[in-house]
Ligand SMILES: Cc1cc2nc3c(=O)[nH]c(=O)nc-3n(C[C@H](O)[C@H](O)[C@H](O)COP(=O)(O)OP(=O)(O)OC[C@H]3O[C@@H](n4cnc5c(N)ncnc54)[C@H](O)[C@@H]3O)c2cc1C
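Taking the form predicted alone, here's one chain by itself in structure tokens.
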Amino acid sequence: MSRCYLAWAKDERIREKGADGGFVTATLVSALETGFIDIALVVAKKSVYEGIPVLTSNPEVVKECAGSLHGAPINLTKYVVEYAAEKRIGLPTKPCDARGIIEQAKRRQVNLDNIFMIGLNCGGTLHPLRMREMAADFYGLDPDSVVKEEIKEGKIFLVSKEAGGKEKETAIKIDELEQKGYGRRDACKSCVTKIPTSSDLACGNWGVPKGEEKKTFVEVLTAKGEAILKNAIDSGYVCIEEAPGEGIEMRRKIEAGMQKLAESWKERIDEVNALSRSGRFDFYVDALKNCIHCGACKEVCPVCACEKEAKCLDMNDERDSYAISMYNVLRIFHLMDSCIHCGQCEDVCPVDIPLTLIQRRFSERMQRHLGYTPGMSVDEKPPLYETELRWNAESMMK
């Protein structure tokens, strides 16, 4: 099924405003206008530090949401589950969005037949508060003057608007920023899934030849991907051409380089592994002792399929007075087979617990043991799911 193209929007306004030639925006607009989908889920840009998920059937709203936004690390899975159950929906998906949606589909929370995932290659996202600090401390900018951002060529570019309305672009190498504690979120630094191969299409600028920057490299991964692409072409919204062989090879090399860099960022997990058993226990106690049981981590988790009122993680249990909160212990084990390491839990934690690091240390070990990588394959069942179903059935019989 996999075929590769260079593609771009025919509408010059979409091509100019959208990232890499506006292909993703044009494809969603055409799908809405032709009735191919009922709704689109996009992110409205309020600033370079804030984005708001928008569910819309209005093509004009989709056009307004065109463009990249690395400073709003939102996972769209929960919005699909809550608001798009009975509708055909199209949406842009980072690798972690696609993986979350697939895990929810395996748990019968969504119908994948109705979901069209236009995947976005992802080198990482930035935490908005840290991004503001970075703009001030390293770029020497007033954070409120920054109007655009981009990650490309191993650098983070910030565009600021100076007095008189003139724009100024400043770039700093990602490695330089991240060695000083800034740059991408921790979850993104160590993520090896850079191309969303579990989406229907995989799109980005990796592999686009120099001089043709206003084009998108598109890989067709599924029959649904082929169908939504054909709809965009037939309705006159996008143009395509075969991707050149050197572009395909360039894309592969970029992905491999970013994966190698991600592996090197897993050193913090290795440091915890190297601790003695008592040292690890002390690390967990120290990290988790400030938990206030707000439940924010559970609320945003894209792979947790429990009902909101589920008692499996009762945060108000009076017995929860141990050195390590039982809420956190249960949550760690609850997600060991399904965690996609997106970092949403850590982003919303009000007391800054390093939840990504802790969950990753347990989850990766179990997933390797089970030979299962969550969210990467539609056909591969979660290894513990059949056991869970059998246990639930037996419990109901008692």
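Residue indices: 1-based, along the sequence shown. This structure is a prediction, so every number in the text was calculated from the model and none was measured.
Not pictured, yet referred to below: the form predicted in complex with the ligand.
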If contact means any heavy atom within 4.5 Å, which of 289 to 297, 140 to 148, 264 to 272, 119 to 127 contacts the ligand in the predicted complex? 119 to 127
State yes or no: in the predicted complex, is some non-hydrogen atom of Asn231 no more than 4.5 angstroms from a non-hydrogen atom of the ligand? no
Does the ligand come within 4.5 Å of any heavy atom of Ala31 in the predicted complex? no
Any chance Gln109 has a heavy atom within 4.5 Å of the ligand in the predicted complex? no
The ligand contact in the predicted complex: Gly375, any heavy atom under 4.5 Å: no
From the list Val43, Ile358, Met366, Leu335, which entry has a heavy atom within 4.5 Å of the ligand in the predicted complex? Val43
In the predicted complex, the one of Cys339, Ile37, Cys345, Ala66 near the ligand [non-hydrogen atom within 4.5 angstroms]: Ala66
So which bits of 184 to 210 sit within 4.5 Å of the ligand in the predicted complex, heavy atoms only? Cys203, Gly204, Asn205, Trp206
